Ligand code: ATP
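Shown here is one chain on its own, the form predicted on its own, set out as structure tokens.
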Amino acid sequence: MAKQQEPAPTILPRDQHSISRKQIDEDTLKVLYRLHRHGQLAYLVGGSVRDLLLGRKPKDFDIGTDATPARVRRLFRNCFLVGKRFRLAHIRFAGNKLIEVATFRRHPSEDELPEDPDEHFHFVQNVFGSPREDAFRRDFTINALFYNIADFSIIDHVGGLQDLRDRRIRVIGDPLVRFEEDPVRMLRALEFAARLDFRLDQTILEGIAEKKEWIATAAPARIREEILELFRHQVAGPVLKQCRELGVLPHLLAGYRGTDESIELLAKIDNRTASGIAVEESFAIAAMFLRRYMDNCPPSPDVPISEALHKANEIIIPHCRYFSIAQGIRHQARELLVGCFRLARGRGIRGERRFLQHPLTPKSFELFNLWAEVRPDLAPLTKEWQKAIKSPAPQKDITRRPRRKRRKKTTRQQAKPAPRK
């Protein structure tokens, strides 16, 4: 029986798409052209092609090539290789800018795998292949589009162009299999849908419903980075809300409840980030757990600060230990929570002057102000504190009397008189 012929890729010539070289980073073009001049395939790959086709500015530009990492290093003096398991070439330019160049990979067949199962992961990540094979290894169709510098065409092996037109997120292959391979893909699917305002394919929703528990098996470091990406892309609120609705949240963030008020606060922070204020991890952590903290430690003048600190540690420490978050970030998140506690219990309480001089108080007030937008009953307190934080009361100038110098005793004075007989 004749082997069934695979469908040919869709190729859009230069006059049928909107991408121009003027939109591509100058150093990225230099790398693409040098690879092409030396007889190598040189494609712009991944999210940059997607964003350019959607009229968005890419965050970065990645390159795919048929040149091996060692070959790329020989072509570029400013190149160094990274990754023990997944070898990549990084080409450095002025200002510590890095252009990432990846060799096309493919899925190995069963008979190619090493006998030792422990070696499978490393082996699978480094089997070089063709551009088509590389496209089918990627996660979503809209992320598997290639821009060929040789003729400025768009190459689509997986139907990503049609999904862009339909504004749809679709997994390449069987979602159940792909989510088992990498459970973080479930979170990334929700992130892309929120970022691009696309709809999720029904097979993705069914796959998440069946495999949602698997996300708890993902490496904590990867989950931590993906959560930070949600905040950086201003979609933490809607994505975590959808995680709650789909039942993913308990497996993703065990200590985070995701109440309506908490989700609304995250949406406020997304708006803050969109306005140009970069979100810090400590601020994001404090925002996620603020509602739970306020429930466990109701603001009251009768509650000592030591108790407020203890409650904050109870909430923050398990999260930070699980995700290996540095002590400095954990300390700042705790101080932001305690700062909100102090603000919520009102003015005129002992220790106020010291609190106003604390370096994290302005940031605590910023978080508290966003919380007051969610809880309007706290709005009067924000007005009371605003003036005090902007112009704290000056410290009293306490003048101390100069210390009296003690006169040194002379030898005669130090000598004790002999006792009388």
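Keep in mind the model is a prediction, meaning the values are calculated, not measured. Each residue number is its position in the shown sequence, starting from 1.
The next section is about a form of this same protein that is not shown, the form predicted together with the ligand.
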| item | value |
| --- | --- |
| The ligand contact at Q242 in the predicted bound form, heavy atom, 4.5 Å | no |
| The ligand contact in the predicted bound form: N143, any heavy atom under 4.5 Å | yes |
| The ligand contact in the predicted bound form: F192, any heavy atom under 4.5 Å | yes |
| Contact of H310 with the ligand in the predicted bound form (heavy atom, 4.5 Å) | no |
| Option touching the ligand, based on a heavy atom within 4.5 Å in the predicted bound form, out of R292, R224, R137, R345 | R137 |
| In the predicted bound form, the residue from D156, E229, E264, E280 that sits within 4.5 Å of the ligand by heavy atoms | E229 |
| Stretch from 23 to 31, 377 to 385, 57 to 65, 354 to 362 whose residues place a heavy atom within 4.5 Å of the ligand in the predicted bound form | 57 to 65 |
| Within 4.5 Å of the ligand in the predicted bound form, all of D201, E206 and P250 (non-hydrogen atom) | no |
| Contacts with the ligand in the predicted bound form - residues in 32 to 63 whose heavy atoms fall within 4.5 Å | G46, G47, R50, D51, K59, D60, D62 |
